[in-house]
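The chain below stands alone and is given in C-alpha cells; this is the form predicted on its own.
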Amino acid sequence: MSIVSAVVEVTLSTVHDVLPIAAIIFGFQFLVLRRKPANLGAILWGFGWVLVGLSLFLLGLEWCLFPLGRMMAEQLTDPAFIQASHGLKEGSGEINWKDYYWVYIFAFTIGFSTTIAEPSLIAVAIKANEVSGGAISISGLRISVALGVAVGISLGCYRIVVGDPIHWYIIGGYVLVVLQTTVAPRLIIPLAYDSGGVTTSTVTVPLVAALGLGLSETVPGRNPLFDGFGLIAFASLFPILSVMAYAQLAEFRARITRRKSKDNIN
C-alpha cells in the first residue's frame, strides 16, 4: 500500500505542477487564437501520458538515481577503500586529492554515459543534422557534448575534493569560452551555446546532483551546502568548449583534405 500511496501522491503533485502549463497553452489556443486543434484527442491522450511518465520518472529519481549516486560517492570516498586500492593498511597514511582517482574516473564515465542517453541532446543533434544538411554529424555532436560534460564533472569533483572556490573555475571557463568563440566557425557557435543547456536535463541532473552531495558529505572538511552544489554548472560550461573544439577540428581536417586534393590535381 505504501507504493500505491507514493504513486498517487506523486501523480497528484505532478498534475498540480503541470496544470498551469496546460492552462496557458490551451488558453492561448482557444481564447487568443480561437482555433480548435485538428488532433485534439491525440493531444489530450498524449498529455495524459506525459503526466504518467513524469510521475514514474520522479518516483524513479527518489527511489533509485538519488540514492545510487550518493551511495557510489560514499563508497568511492571511504578511507578503507582508498587505502585498500593503494595497497595500504587501514588507518595508515594521510589521504590527499590524488588518492581519489576512482572518484574522477567514475565522474567522467557517469557524465559521458548519462549525456549520451540524454533525450534533449538527441533531439537537438537530429535537428542540427537536418538543418545543416548533414554537415553536423549526430554522433559527432553527441560525443563531443558528452566528452565536455565528462571532463566538466570530473573537474567539479576535483574542486569538491580540494575545496577550491567555485567562482574561479567558472570565471576561467567562460573566459576560455569567449576566447574560443572568436576563432570557432560561426556555424557552430549558437549550437555550442545551446549544447550547454540541453545537457542539464532529465537524465544527467539527478545523478550529478546526487554525486556532488554525496561527495561533499563524505570528504572530510566539506560542507554539502557550500561544496555539494555546482557540478551542474560544470556540466553546462564545458560542452560549449568541447563542441566548438569539435567544429574547429572538423574544419582543420577539411582544410587538410582540400589541400591534399589540390596537390594531387597539380
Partner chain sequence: MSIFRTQQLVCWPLPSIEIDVTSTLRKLLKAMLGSLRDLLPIFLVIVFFQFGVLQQPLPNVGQLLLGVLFVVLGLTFFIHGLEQGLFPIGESMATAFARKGSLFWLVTFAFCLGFGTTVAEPALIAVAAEAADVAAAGAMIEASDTAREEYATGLRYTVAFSVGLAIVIGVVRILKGWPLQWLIIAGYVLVVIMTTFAPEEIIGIAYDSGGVTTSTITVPLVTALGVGLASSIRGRNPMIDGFGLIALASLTPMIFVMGYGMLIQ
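Positions refer to the first chain, counted from 1. Please read all numbers here as calculations on a predicted model, not as lab measurements. Only the largest set of C-alpha atoms that superpose within 1.5 Å between the two forms is called the rigid core.
Heads up, the form predicted in complex with the partner chain isn't pictured, but that's what we're talking about next.
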*Kindly indicate whether 18, 120 and 136 are, all three, within 4.5 angstroms of the partner chain in the predicted bound form, using heavy atoms.*
yes
*Although the partner chain is absent from this view, report whether residue 190 comes within 4.5 Å of it in the predicted bound form, heavy atoms only.*
yes
*Please run the contact check for residue 76 against the partner chain in the predicted bound form: heavy atoms, 4.5 angstroms, yes or no?*
yes
*Given that the partner is absent here, does residue 128 sit within 4.5 Å of the partner chain in the predicted bound form, heavy atoms only?*
yes
_4.5 angstroms heavy atom contact with the partner chain in the predicted bound form for residue 170_ = yes
*Would you give me the residues of 164-179 that have any heavy atom within 4.5 Å of the partner chain in the predicted bound form, in order from first to last?*
166, 167, 170, 171, 174, 177, 178
*Is residue 68 one of the residues whose Cα moves 2 Å or more between this form and the one not shown, with the core superposed?*
yes
*For residue 254, is the C-alpha shift between this form and the one not shown 2 Å or more after core superposition?*
no
_Inter-Cα distance between residue 61 and residue 218 in the predicted bound form, nearer or further [3 Å or more]_ = farther
*residue 163 to residue 61, Cα distance in the predicted bound form relative to here: closer or farther, by 3 Å or more?*
farther
